[in-house]
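Given as structure tokens, the chain that follows is alone and in the form predicted on its own.
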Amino acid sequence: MDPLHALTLADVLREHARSWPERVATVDGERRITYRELQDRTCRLAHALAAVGVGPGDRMLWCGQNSARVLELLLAAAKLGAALCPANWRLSADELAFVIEDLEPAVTVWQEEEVGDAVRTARDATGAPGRWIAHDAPDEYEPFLAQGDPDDDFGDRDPAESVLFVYTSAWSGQPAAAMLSHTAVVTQGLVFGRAADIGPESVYLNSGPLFHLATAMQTFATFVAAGANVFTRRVDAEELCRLIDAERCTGAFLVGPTIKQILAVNADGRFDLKSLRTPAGKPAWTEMITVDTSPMARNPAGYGQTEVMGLLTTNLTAEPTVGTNGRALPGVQIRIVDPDDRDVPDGETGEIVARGATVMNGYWNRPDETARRLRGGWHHTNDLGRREVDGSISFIGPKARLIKSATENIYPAEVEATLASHPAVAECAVIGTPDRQWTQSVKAIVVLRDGETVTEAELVAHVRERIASYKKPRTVAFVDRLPRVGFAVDYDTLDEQFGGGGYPGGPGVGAR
């Protein structure tokens, strides 16, 4: 590592403490912390953690709802060469026990209120490794932090080190923690800040879950820009309105149901929400807020995943694109490849692979999966996409299974998306059936919209007109509903019912 050109999260904080010492960094309940104070607190916290054995390469676990202490712990980890994992506070005790056993945290900071029962059960089941600190107990977190030395005498750290662990969905039967570096977090913060017009004057309301990068990448973008992060434990529409009004929040993580609740709570206009910048919506919403004119809001599009620190593509201009998901973010490269990792021509569907500053270092404790996903020096997303004629990217869907027709590769997600564009189709699924001549044939299983009719021939023609002819279904079956496991279509059951099989590498081959 060359310290002359290194920049870690701890370095970002050090410079903010020099450049913006009195600017508010975090607001959490009654506690308002400036950047100078945040520097002091994270030094104390890092020294206190070091005194109980936390050092380079160690993991810390957060088991609680939103709090400014998540950011404090991350920055303390950055100074020590350790890493923080914010766990999903909605996990069951068994799920949380898996995370604890997998991560082996040196320190777990947890929350008694609302979360405590599951945490205690998981702690008992795992033998309670490491040090446990209840952050909402008045005699634990703050006294622990206060005992640390305020001196910033920590050595330089390599910005390529992993500092943030985020568990992904259980695509292999078990969740896995993507290991994200200082460089990934800072770079995504800079780029997302550019896309969303985030600067030192920004005030971000952390109203989404911090264990999910949809919220956290905005938290980090605000921190990198020396803005203020306001934390609320969980979503409550009236409390969100109060905070937006009181703190003059410029951004927030809001989803449709929450917006409806805010509209109901503030129907009388008692809260001033004009500081909040969001896309336009229904007239009542647009009247209540300020319409966002940032690049991301003018032409919203994007694709990403946890393993790339959030977004991998977006639109940074107001220009229209052929692709549905914008272009590669600055700092990353994207290719579209076939199953042999060879580039496919523009307009053809293949797997999205990427490399660059925001790509993960791998999965914690999953060496085989890390090697598979990062083979050849590229991160294989297990998602399908297409490079369009103007260079933009269209996300198609998860790679999942591959159907082989002679020498051609057919991705069910692409065929399903094309079938679903027919006005008579409510939902559909595509499987491969064994074919002596062609290896496999494409079979579509289709649910029609109420009152609609369409023939097999019409659906086949619909697909043939829109994508390569060899991808069209050979046959179509009409059903009343698709079998599901939870929300996901149960392709194994469809194979059993409709004679699917012969997939390259075996039945059901493919992963997220």
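The first residue of the shown sequence is 1; numbering continues from there. Small disclaimer: the values here were computed from a predicted structure and weren't measured.
What comes next is about the form predicted in complex with a further copy of the same chain, which is not displayed.
Colleague: Which residue, 265, 316, 214, 137, has a heavy atom that falls within 4.5 Å of a further copy of the same chain in the predicted complex?
Modeller: Checked against the cut-off, the match is 316.
Colleague: If the cut-off is 4.5 angstroms on heavy atoms, which of these, 390, 94, 368, 117, is the one near a further copy of the same chain in the predicted complex?
Modeller: Flagged contact: 390.
Colleague: If the criterion is a non-hydrogen atom within 4.5 angstroms, does every one of 7, 298 and 359 touch a further copy of the same chain in the predicted complex?
Modeller: Yes, because 7, 298 and 359 each have a heavy atom that approaches a further copy of the same chain to within 4.5 Å in the predicted complex.
Colleague: Classify residue 193 as contacting or not contacting a further copy of the same chain in the predicted complex by the rule of any non-hydrogen atom within 4.5 angstroms, answering yes or no.
Modeller: Yes, residue 193 sits close enough to a further copy of the same chain in the predicted complex that at least one of its heavy atoms falls within 4.5 Å.
Colleague: Is residue 378 close enough to a further copy of the same chain in the predicted complex to count, meaning some heavy atom within 4.5 Å?
Modeller: Heavy-atom contact with a further copy of the same chain at 4.5 Å: present for residue 378.
Colleague: Should residue 374 be counted as a contact of a further copy of the same chain in the predicted complex, where contact means heavy atoms within 4.5 Å?
Modeller: Yes, residue 374 sits close enough to a further copy of the same chain in the predicted complex that at least one of its heavy atoms falls within 4.5 Å.
Colleague: Using 4.5 Å between non-hydrogen atoms, is residue 347 touching a further copy of the same chain in the predicted complex?
Modeller: Judged by the heavy-atom cut-off of 4.5 Å, residue 347 is well away from a further copy of the same chain in the predicted complex.
Colleague: Picking from 78 to 86, 95 to 103, 378 to 386, 394 to 402, which part of the chain touches a further copy of the same chain in the predicted complex when contact means heavy atoms within 4.5 Å?
Modeller: Partner-contacting stretch among the options: 378 to 386.
Colleague: From first to last in sequence, which residues of 2 to 36 have any non-hydrogen atom within 4.5 angstroms of a further copy of the same chain in the predicted complex?
Modeller: If the 4.5 Å heavy-atom criterion is applied to a further copy of the same chain in the predicted complex, 2 to 36 yields 3, 4, 5, 6, 7, 11, 14, 15, 18, 19, 20, 21, 23, 36.
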